[in-house]
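Heads up, the chain below is alone and in the form predicted on its own; it's given as structure tokens.
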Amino acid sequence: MTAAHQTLTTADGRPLKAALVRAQRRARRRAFLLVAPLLVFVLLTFVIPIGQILYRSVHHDGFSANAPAVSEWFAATAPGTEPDEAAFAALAADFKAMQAARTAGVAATRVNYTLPESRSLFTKTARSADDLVPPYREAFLAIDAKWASPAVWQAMRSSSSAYTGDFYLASADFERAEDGSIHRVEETQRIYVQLYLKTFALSALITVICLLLAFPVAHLLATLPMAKANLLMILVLLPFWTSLLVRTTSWIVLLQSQGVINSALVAMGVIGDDGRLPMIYNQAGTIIVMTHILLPFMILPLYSVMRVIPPGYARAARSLGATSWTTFRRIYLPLTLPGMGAGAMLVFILAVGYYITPALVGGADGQLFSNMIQFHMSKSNWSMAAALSSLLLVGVLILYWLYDKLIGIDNLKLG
């Protein structure tokens, strides 16, 4: 056998190719074991919670699980079908079962999400469930005439399936009519879309303000001698060492009508005592306090990028005849774009999801979309809260995608 046909082996006599494959497999297994804790952490704290949110936003079996007979009648008939005696008989059987199992409140809560103020109708009927005898239509109408309302039956039809898109319809300010068609709610009741757009607009405004305030501070930090820069950095990081509630409360003391700032302006004669500025419990208070809280998240990425820009670039540009403005616009600013992008992403995403600060200083005018999510969670309408959370997540992902297309996520630098 020639040397070309001889099989290469390792020192212990194993074929070299098989040994390389085994070594690569061992390396991949070792790498997987190293990242396995991080993978489990991401699954438990990110993927699974988001999956549960998406699931809750389309699933609620409060009515369908406790009223199976009338749910079958809805499944067998077309939307808009007038309820007959069979429908009332099925509903009577469900009410008797719910009364025995004490689950009428659960079913009523689900219907109440679709048709407000219908919970009392269900609880009232459940208390008289044992008195329901044929003819069932007359028996239900004797308890309450609302059982003849098409709106009640349409609400039950919408609730008769465990999976529904009604919560997303409500999140977009739509509702189902009595015939099952979809249309927008009255203008006076449209709150979610307006609040959704307002949240993104305020978050963008706070991001721009943070950028304008952070840019000169970060530039000063990057150009000062290290000893002075470290001292100034302590002042920048000081808010991180202070409780969020303490900082927010301090701003309430400063901005309220009888607070430090208004009292100082009155003392200096800038404003009259009857013309104190409303700077708290409104939209202005939300912007001021959130800008202060989120400002370090803009300064730090900018500083990390500005610190490594060689000063020789600016000197070379000036030696070639460029003005200070041209040097800044053509040399310095493009080099800081990765830090600007990272800071803008951090501040914007944090601002979109903030709810504690707007709840404390925003009043009725300064509430954000996250405050509405918290409201529904506290009222136990988790499905509605999940739908609103999903819309907020989609909006952030769309902006993230646009950022990647326009600037490029590869240019995002946090340090």
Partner chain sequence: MPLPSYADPLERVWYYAYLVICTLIFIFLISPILVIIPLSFNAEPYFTFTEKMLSFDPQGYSLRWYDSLLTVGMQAPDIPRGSTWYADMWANAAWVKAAKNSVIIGFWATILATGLGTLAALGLANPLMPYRRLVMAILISPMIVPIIIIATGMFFFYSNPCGLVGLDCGRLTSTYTGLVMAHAMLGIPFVIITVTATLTGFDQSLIRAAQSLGANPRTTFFKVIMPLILPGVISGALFAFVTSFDEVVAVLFLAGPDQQTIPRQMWNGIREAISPAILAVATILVVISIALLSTVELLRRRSDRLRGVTGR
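Just so it is clear, the structure is predicted and the values come from calculations on it, not from any experiment. Numbering follows the first chain given and starts at 1. We call the rigid core whatever largest set of C-alpha positions still superposes within 1.5 Å between the two forms.
Beyond the structure shown, there is the form predicted together with the partner chain, which is absent from this document and is the topic of what follows.
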Stretch in contact, per heavy atom within 4.5 angstroms of the partner chain in the predicted bound form, of 243 to 251, 83 to 91, 169 to 177, 138 to 146
243 to 251
At 4.5 Å between heavy atoms, is S389 in contact with the partner chain in the predicted bound form?
yes
Partner proximity in the predicted bound form: P338 to the partner chain, non-hydrogen atom cutoff 4.5 Å
no
Give a yes or no for I299: in the predicted bound form, does one of its heavy atoms lie within 4.5 Å of a heavy atom belonging to the partner chain?
yes
A364, heavy atom within 4.5 angstroms of the partner chain in the predicted bound form
no
Only one of A162, A75, V260, I182 gets a heavy atom within 4.5 Å of the partner chain in the predicted bound form. Which one?
V260
Hey, which residues along 182 to 216 are within 4.5 angstroms of the partner chain in the predicted bound form, non-hydrogen atoms only?
L213, P216
Is the shift of A364 between this form and the one not shown large enough to count as movement, that is, does its C-alpha move by 2 Å or more after the core is superposed?
no
Relative to the superposed rigid core, does the CA atom of I53 travel 2 Å or more between this form and the one not shown?
yes
